[in-house]
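Here's a solo chain for you in structure tokens, the form predicted on its own.
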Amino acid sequence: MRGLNRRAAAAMTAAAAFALIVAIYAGGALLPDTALAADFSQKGLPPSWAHPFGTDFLGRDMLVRTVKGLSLSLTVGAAASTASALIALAVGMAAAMGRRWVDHGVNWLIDLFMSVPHTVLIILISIALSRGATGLMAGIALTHWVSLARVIRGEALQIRSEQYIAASRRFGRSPLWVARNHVLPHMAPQFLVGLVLLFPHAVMHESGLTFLGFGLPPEQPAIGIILSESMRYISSGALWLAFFPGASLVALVLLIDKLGNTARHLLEPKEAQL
């Protein structure tokens, strides 16, 4: 009974976190671009009931800009983390189910990617692809698959040693058939959990690199752009320009991380029994 109560509470927590994330994305997507129009009669206002996050020095409402920025971060993070998780699935399955030289090659590739800081690789890839959203998403996708690939490889190796796998091979089933019909279905929990846990890393890297000038272009209402613009006004006392967008980004990342940990508790058998 206690286990069922814990699973029910975890399911409700995951549902609430997911609903809030969807609401943030929908709110930013549904807000018209005219909501970001400059209004110099309202410039530089501190937080108030009319403008809970204050306004910037072009008179734009910071709450609207923050919601639009979070929605944009969710879009980029979702695309990049999904692509990265798919790369991890393909690489991990190839290492576990392929020949020995494939496994050695994958392990060497994983060690190579882990030896170079993510930020440096993402910047190099982004510059090579002319920056922008495409280069940023490609950089994140090509650098964040390593840890998940190792997890999937280890799980696939464990499943490959089961007796029913050996029986399938004796009946003449090809390695590709075994991987597709026996091993791949067991990878769904690890894949989904890994995908959600990659999400906050992708969001943080998107915001961080955009802040440094290697991500989204300045005309986009990204959180990194907002924080970069706010640096020039902090000395004048306009702390709200950086505080509220930054705190909202941290809250969003923690919310996604909570969703990922809750999903792991629900989907992975070992975690679900605790």
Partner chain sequence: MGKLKSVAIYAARGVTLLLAVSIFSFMLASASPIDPETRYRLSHPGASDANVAKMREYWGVDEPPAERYLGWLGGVLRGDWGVSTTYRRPVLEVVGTRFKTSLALMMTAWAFSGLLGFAVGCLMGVFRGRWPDRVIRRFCLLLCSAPTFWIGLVFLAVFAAALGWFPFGLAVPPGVPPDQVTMGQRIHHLILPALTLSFLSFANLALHTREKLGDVFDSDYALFARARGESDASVLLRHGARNALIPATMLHFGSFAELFGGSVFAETIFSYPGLGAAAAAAGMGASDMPLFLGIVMFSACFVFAGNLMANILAQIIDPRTREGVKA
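All figures in this text were calculated on a predicted structure; none of them were measured in a lab. Positions refer to the first chain, counted from 1.
Same protein, other form: the form predicted in complex with its partner chain, not shown, and the subject of what follows.
The contact with its partner chain in the predicted complex, taken as any heavy atom within 4.5 Å, belongs to W108 out of W177, W108, W101, Y164.
Of the candidate stretches 70-78, 85-93, 184-192, 113-121, only 113-121 has residues with heavy atoms within 4.5 Å of its partner chain in the predicted complex.
The shortest heavy atom separation between F214 and its partner chain in the predicted complex is within 4.5 Å. Within this chain, A29 is remote from the site of its partner chain in the predicted complex, having no heavy atom within 4.5 Å. Using a 4.5 angstroms threshold between heavy atoms, L249 counts as touching its partner chain in the predicted complex. At a distance threshold of 4.5 angstroms between non-hydrogen atoms, P47 is out of contact with its partner chain in the predicted complex. Residues L124, I125, I127, A128, S130, R131 are the members of 124-145 with a non-hydrogen atom no more than 4.5 angstroms from its partner chain in the predicted complex.
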